[in-house]
Every structure is written in C-alpha cells, then in structure tokens.
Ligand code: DOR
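Here you get one chain, nothing else, as structure tokens; it is the form predicted on its own.
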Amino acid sequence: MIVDSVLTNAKAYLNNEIVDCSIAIENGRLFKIGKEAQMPNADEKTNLGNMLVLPGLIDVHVHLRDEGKAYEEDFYTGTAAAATGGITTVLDMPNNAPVTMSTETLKNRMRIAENRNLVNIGFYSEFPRDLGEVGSIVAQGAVGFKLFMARQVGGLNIDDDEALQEAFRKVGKLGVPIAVHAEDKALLMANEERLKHANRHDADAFLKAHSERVELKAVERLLALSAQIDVRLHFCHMTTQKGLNAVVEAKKSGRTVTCEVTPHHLLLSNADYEHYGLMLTIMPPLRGESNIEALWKGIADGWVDVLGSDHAPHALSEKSAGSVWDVKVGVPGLETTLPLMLTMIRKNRISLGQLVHLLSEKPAELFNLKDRGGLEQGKKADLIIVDFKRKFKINALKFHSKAKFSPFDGWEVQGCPVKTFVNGQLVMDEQEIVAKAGSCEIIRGGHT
C-alpha cells in the first residue's frame, strides 16, 4: 500500500510522553504511528528533524468577524492567523453583523466560510427570538449557544430568569453546551452610569465598572438558575478567584459546568494599563496579581478546563479612542497563544501535558469533536510541528490577522509552530500559508 504521506524523525506527544516515531497519513487521517521501518511507502516523505509533534490545537473562543465586520477580520485572514499559530480548529462566536442567531444566519455564515477557510471552523449561535428555533439551529450544525450576560445581544431576554431557564431546558435536551460571558448587566450598567456621570473616561474607570463583583454576581445567578436543569454551562474567560471558586464548588457538587481562561488574563495585569494604555481594554478586564495566581492555581489543580484565545480583532483606530467607553474591547490572540504557552513551559508555569489537555484534548471532549484532539490512529490528521528551541520576538506587524497590534508585541518567546497540518494537508510552513482557501472543513454539531 502507498499512503499519501509519511512524517519521519518525529518526537510526538503520545499517551502523556514524548516518543520518537514516524507518522503515516492517508485520506486526511492518521493511518499509523510507529517506527520508521514499520511505515508504508508514501507519495511524499517529510523529515521533521527531531522536532516536536503535537495534536492540532482547538481554540473554542474566536471572533472571526467577516460579513459586516470584514474590515476587522474575515474568514481567510482569521483562519490564516489560526494556522500560523498552530490552531487547526476554531469555534466562532456569534456577535457578528448580522448576529448569528437563527437557522438562516448560521447557514449563510457557514456558506461564506466554506470558500475562505484555512482551518476547520465550528459556529456558535446566539439564542433566537423564538426558542422554538433552537432545535433547527442545532440541526443546522451549531456547536453550542453563546449567552452574553453583559449586554443584550441575541434574542433571549437576559433580564428574565424564567426565559433563561426555558432556554437552558431546551438546549440541555439537545446536548450542546452554552458558553457564557459572565458579567452582570444590571450591576455593570449602574457602575458605568455612575462613573460617566462623574466624568470618568480613564482605564481605572473601566476596571471599576467591570468590578470583580460584576463577574461573581453573573456566575452565581446562572449557577442558581441552572441548578435543577440538566444543561452544560461553559464559563468563558474567567478572571477572578471568587468567580472561579463558585465554578469549582459547582463542579465538586457534581454539576456539569466547565470554564476557560485566556493567555492575556494569565500573563497581563491591571497594572499594565500604565504601559499599554487603552489598547488593553478587554471584557472582562485584566485583574490584579492575586486573581492571576488563582487562575494559575486553577490550571495546576485541574479545575480550569480549557484555554481560549478570545481572539478579538479590531481596526487599530478602534483601539485608540480618547474615552475608554468608546474603545472596542479585546485583543487578537490566535498567533500568540501557543508561543506564549510554550514559553510558560520553559518557566515551569505549565507542563506540556497540561497544554495539550487544555488546548486539544479537553476542547475536543467538550464540543464532541470525536475525530480530533489527539494523535491516535484513525483520528483526523490535525497536527502541528513545533520547534521548541526557537526563540523569536512577537511582531504584530507580521500577523496574518488584520489586527496588527498586540500587548505581547516585542515579547521574546521560545517555542514556535513551524508546520500546521489540517486534515492531513500542509497549510502553514515556516509562517507562510501554502494551502488554498476553502480547503478545510466546517464542523457541524461536533461532526464534520
């Protein structure tokens, strides 16, 4: 038999250890992993020069924009950024223009992405105005629903407890998760109004508006509302010790809740506003050192389930308004997440096993991506080649993303993704995109 390709001289992360091996790929899947002498003949052979092979990363929190926000990012530039960062599957958030919140808007978004993507894409939906449409949205292929608690975005009234519980019951029966942005709208709006009335437009005002209590109140409310309902809540970008503790207690009681943290909430603090200015305006905001240490401890103790980039591209002009209330929130993260986390391995902040668990294995489990998330025979050949020794400085001007800015610009990191394979196809080689747009898959409800 002749397979499509064989990767030789690899050091692959298999079963919690690094193993010298070769990898055969056929029809987009991992055909065989073993010694080079055991490999079948191949149309193409690639010597990896003893570099590290990891399962392709799955980023469950990405804003790819496109459509009415294509000036900020589009499916091609966003997925090019993902491939360059070693990310082979992204899950796209629905706060777009138009908002993804119906069968029709989801179908149209999938149709556009099919011709532009360079990595696999799955799609969240916001809740529709008519909860009777939830079933058809999942049937169309939504990987989950997004519940944005800080502002009214979708069709579900976030101030109505009974409406939230009805939504939880409907989604719970369908088995897909609800990803939550946990900031309490009422408290946040009251804080903002008070600060604006006091003519406060600075970064510290934003931090005061988005207080720790704003996060905790939303987490506690949602945990209470869902206590008697069989639904999977996934808390996005946790930032506070108290918020995380509430999730941990729910986990200890047997609740099926999960949570994520972002690299920027782990590596930057609210003190960094002095250096970076309003570019660091992020929701939820950066916190102080005690909260940051709580997030790292959550990772070390196994309570944090996934790392998500919360890739949020904007035009540079949107990040430099005079008032903090006019600044678009978020920073890009697809091209920095892996190098930053590989550097944290060097600094003994995180282990390679934890990185693979948080960015590959657990995301695949949570979103039912059965064919992905690990280097196993029969799984999709989503894998990345990493030069763990390579040092370089992050240069935002060279990003494939349209967002040419980053708080990590100029940071020296060690560990660089040098090749990205998606479904067995080489998409990125030495930071260059080498595949055609539209060559990857649309994830539909956990199945491609």
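We number the residues from 1 along the sequence you see. For clarity, every value in this text was computed on a predicted model and none was experimentally measured.
As for the form predicted together with this ligand, it is not shown, yet the points below apply to it.
Contact with this ligand in the model of the complex, judged as any non-hydrogen atom within 4.5 angstroms, is confined among 327-335, 160-168, 221-229, 240-248 to 327-335. Screening 110, 283, 352, 279 for any heavy atom within 4.5 Å of this ligand in the model of the complex leaves a single hit, 283. In summary, among the residues 235, 148, 273, 75, the only one with a non-hydrogen atom within 4.5 Å of this ligand in the model of the complex is 148. Put simply, residue 95 is close to this ligand in the model of the complex: some heavy atom of it is within 4.5 Å. Contact check for residue 314: a non-hydrogen atom falls within 4.5 Å of this ligand in the model of the complex.
At the 4.5 Å threshold, heavy atoms of residue 63 reach this ligand in the model of the complex. Taking non-hydrogen atoms only, residue 287 never approaches this ligand to within 4.5 angstroms in the model of the complex. Residues of 173-190 placing a heavy atom within 4.5 Å of this ligand in the model of the complex: 181 alone.
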